[in-house]
Structures are given as C-alpha cells and as structure tokens.
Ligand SMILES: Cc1cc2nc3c(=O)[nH]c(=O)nc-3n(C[C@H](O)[C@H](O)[C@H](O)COP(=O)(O)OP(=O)(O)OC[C@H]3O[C@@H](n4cnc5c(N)ncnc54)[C@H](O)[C@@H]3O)c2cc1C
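Listed next as structure tokens is one chain, alone, in the form predicted alone.
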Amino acid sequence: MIMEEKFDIAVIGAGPAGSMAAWSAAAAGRNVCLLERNNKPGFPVRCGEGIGIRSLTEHSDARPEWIKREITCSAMISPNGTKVNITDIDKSTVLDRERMDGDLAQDAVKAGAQLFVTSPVIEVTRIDGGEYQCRCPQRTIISKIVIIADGVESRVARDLGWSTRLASDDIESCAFTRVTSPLIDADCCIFYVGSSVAPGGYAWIFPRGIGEANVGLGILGTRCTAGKPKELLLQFINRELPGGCIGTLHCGGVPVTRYIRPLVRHGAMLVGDAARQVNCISGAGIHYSLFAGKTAGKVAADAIGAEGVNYSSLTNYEKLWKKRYGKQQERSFALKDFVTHHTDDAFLNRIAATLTKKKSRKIKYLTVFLSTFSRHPMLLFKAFKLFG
C-alpha cells in the first residue's frame, strides 16, 4: 500500500540547494520533507568540487572535514601548451562533496525535516485547494509548497508548467572522473583551453590531495556529438596524466544560461541547477545553490500562516536572488555568449604569450581579464557596457 503523508513543504532533491532549503524551512518551524532519488545524498558526485572559501562560509556552516585540499595557485594552459601561472588568487578549496552533501541533509533532519532516500518523484500535480501532490513509488506526499531542486534535467519543473528547454549553446556536455597519479600538482588547479581539448569549454584538473584529482571537461552543446566528452576526456588524461588510474566516469549537462524566469509559480519554487543558477563562464554553482536554497526555504516558511499560504509573498525569493546574484549571473552569461563567438585558438595563444612576458607574481585573474580585453576592442567595449 502506498502511504499518503502531509507536509507544509516538500523539497525535491537533496543536493546543496535542496538540503539548505529543507534545513532553512524546518529551522523556521515548518513540517518539511526532503525527497532524494538516490540511496544517499551526494552520490554520485558530478562536480569539480571547487569553491572559494569566502563563498562557502558566507552561505553555510562550513566544516574542516569538508575540505579535501586548499588551493594556493592556479594555472591556465593555452591551445599551444603555453602555461600561465596565476599565484595571487582568493583562498580556495576543493571539497568533499559527498561528505558535505550528506552533512547538509543531516542538518536538515536535525532541524526537524524528514529525509526520504530512494524516493524518486515520478509526478507532481497541483490539486484542489492549491496543494501539491508528489508521487513516489513508495509514498505520496501532499504539501502546501514544493521546492524543486532536482537538477538540470528537472522533469518536475516541466510538470508544473516551466519551459526547461536549453538551446545548444546554453549547455555544456561534461565528462568527469577521479584520477590517481604521481604527476598531479597537489596545490594548483589547472585549466586547459582549446578546440582540440574542449571545444567551446575547458578541461580541468582539481587536486583533492597528494596524487588524487578531479579531472573533467565540458564541451559547448553546439560543438558536441554523442560520446565526444568521454572520448576527449580519456585522450586528455592519457596525454596529461599518462599511466594514471582512472575511476568511474560520469557524464552530464551543466547549464550556462540565464536563470529561469519566473523562479516561482503559484506555490512551486525553483532552486539550484533546476533554476539554472550557475556562473556561465566557469560552470560553478555551489555557492549559488547554497544561497538560493537557504533563501527559498526561509521565504517559504514565512509564507505559511494560520489562514493558509500567502502565495504572493513567495516572489520575495526571486527578488532576493536577483538582488544578490542576478546581475552577476547576467554578466557571466553575456561574457560567455560574446567570448564563445569571438575568440579562437590563435587569439588564446596570443593572450598566453603576452602574459608569460609578465612576472608571475604580478599575474592575477584581473591581469588575465584586462589582457584579454585590451587585445580585443569589441570585447573591451562589451565589458564596459556590462560593468560600467
């Protein structure tokens, strides 16, 4: 017999966005459930796990055990192999996402949320009275509000009326694995660009410790064919880390587009990758997800009163997101779109050659930014319009 249970708020997906939403709403005194399709949160990891310390601590109660490796430098490798070292970087880290995601879900449980694992949501419908019915194989959940955090492939968002279609140039097809090799630089995140490495995207090596790293690449959808990310990733590993031991390989999509409008429809709210809340240049989204989840959960909790749900107040979540990160994401999208269509391997090689003539201790991300734009007047004009 399929059980039917009632909650104030149902959160779908126990990644960072979903767990933070469940914790935030439960901590505010609401009756919350957290539905996770896998048998535990944080697995499998489909993420490079990199994040700046400031972004991590600003939106979560970060713990030392989440930190796999602190990063002291970064490097960029041009298409012709020129290496540009960037030593003046903000304090950054590579996370243990499996540990972090598990802890965030347990934080939600400690705050009073009920966690249901192995509970994929098959269908969500809005029923009489404005409540939501979430149907899983083992149970049916009835809730006043639903927070959707089930990732870039979100079927739930489509069920509830959002258009989730992504244009080919608004998604990166990615392949990812973990590699053990004595050739890994344990202190430096390395990025590789070029049409033969990752067309329209980049490849990366993020160290998790001595001799271990997350290795992956993303290819812009317009330049991708079936199986190409996996093929190029294996070629990349064999070239850069020959003889390395390759772990389980995962593939998936990363949105590189504007966040979905609206973020709220009636009593349903989108957070994280399901909302396309991601930096369009780097593909990073952990800090966006932490903020969005925490904010959506609190707004949802505040909207529930003795006389029911004040659905109009749920739009405060979108206002807060737009105020905090909306312009930042818009800028990253505009830059991604322009750079994708106006740079090539020769241009990237020229920038790298220019930067290698500078003293390494003076090279910062800002130096790379300014050098890139100064060599391309149209990019510079675009930058002034975006940041002016």
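All residue numbers refer to positions in the sequence shown, first residue = 1. Treat the numbers as computed from the prediction; the structure is a model and nothing was measured.
Quick note: we don't show the form predicted together with the named molecule, though the next part is all about it.
The stretch in contact with the named molecule in the model of the complex, judged by heavy atoms within 4.5 Å, is 278-286, chosen from 180-188, 78-86, 278-286, 301-309.
Contact with the named molecule in the model of the complex, judged by any heavy atom within 4.5 Å, is made by just one of Gly253, Gly112, Pro199, Gly211: Gly253.
Contact with the named molecule in the model of the complex, defined as a heavy atom within 4.5 Å, holds for exactly one of Gly247, Gly194, Gly102, Pro120, namely Pro120. Interface membership of Val156, defined by any non-hydrogen atom within 4.5 Å of the named molecule in the model of the complex, is confirmed. Contact annotation for Ile147: none of its heavy atoms lies within 4.5 Å of the named molecule in the model of the complex. The named molecule in the model of the complex comes within 4.5 Å of no heavy atom belonging to Arg350. The named molecule is not shown here, and in the model of the complex it never comes within 4.5 Å of any heavy atom of Phe291. Counting a residue when any of its non-hydrogen atoms is within 4.5 Å of the named molecule in the model of the complex, the hits in 6-27 run Ile12, Gly13, Ala14, Gly15, Pro16, Ala17, Gly18.
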